[in-house]
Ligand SMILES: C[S@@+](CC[C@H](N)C(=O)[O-])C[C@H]1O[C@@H](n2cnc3c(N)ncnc32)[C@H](O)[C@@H]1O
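Coming up is one lone chain in structure tokens, specifically the form predicted alone.
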């Protein structure tokens, strides 16, 4: 197993080499705020915030956004992308915030790389308010695309990646005192084709615009258990769950 320094070094190299291209575009992030029911004036903590696109989306909705990431390079980028948001370097397993500080806690495509996923979840619970909602996106071990291709793993598979199927992810969250309110598939790779072609996109851009709805419709036919990633919306078990 790699050390914390190994993981940090890998991500520093990753963000230094790819910059903002290492993350999805800004348009991919408001959906997570919708799932959380994020309201103006409340506080959001994005654990492993990467380049800060969710923080920027939250700021646009007047949500008080705070981010933390293990990578110094990611934090530099996040401070550019989300000016005004509080961003700090730190590990998800040791969050430097007081108990009960946040109304929402998110962790998108990162928990699977934690050295101790259970400890990370306990830290997220600790810094969340009793009635907080959590949004956690994780990859699916049973993704049908990997079965077709004959291999498994995301673009960050080289660094301590834990892949679990739907049932196992649900059990992990429940073992750590979280109630699953909702699970939806991550469909960004389908819905990104919705945007109209740019004026200089040429035939390729026009074809993409025509094919996009077909791809999205096909993606929606894939059962949840075979989707690429799951987006879990959760609440603390000790608090009566409410819809986000």
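Residue numbers count along the first chain shown, from 1. For clarity, every value in this text was computed on a predicted model and none was experimentally measured.
Below, we turn to the form predicted together with the ligand, even though it does not appear here.
Note on the interface: of 124 to 132, 168 to 176, 106 to 114, 139 to 147, the segment with non-hydrogen atoms within 4.5 angstroms of the ligand in the model of the complex is 106 to 114. For the marked spot (29, 70 and 90), a heavy atom within 4.5 Å of the ligand in the model of the complex is present in each of the three residues.
The closest heavy atom approach of residue 58 to the ligand in the model of the complex falls outside 4.5 Å. By the criterion of a heavy atom within 4.5 Å, residue 232 is excluded from the residues contacting the ligand in the model of the complex. At the 4.5 Å threshold, heavy atoms of residue 65 stay clear of the ligand in the model of the complex, well away from it. Shown alone here, residue 156 lies within 4.5 Å of the ligand in the model of the complex, counting heavy atoms only. If you take 1 to 30 and check each residue for a heavy atom within 4.5 Å of the ligand in the model of the complex, you get 7, 11, 15, 23, 29, in sequence order.
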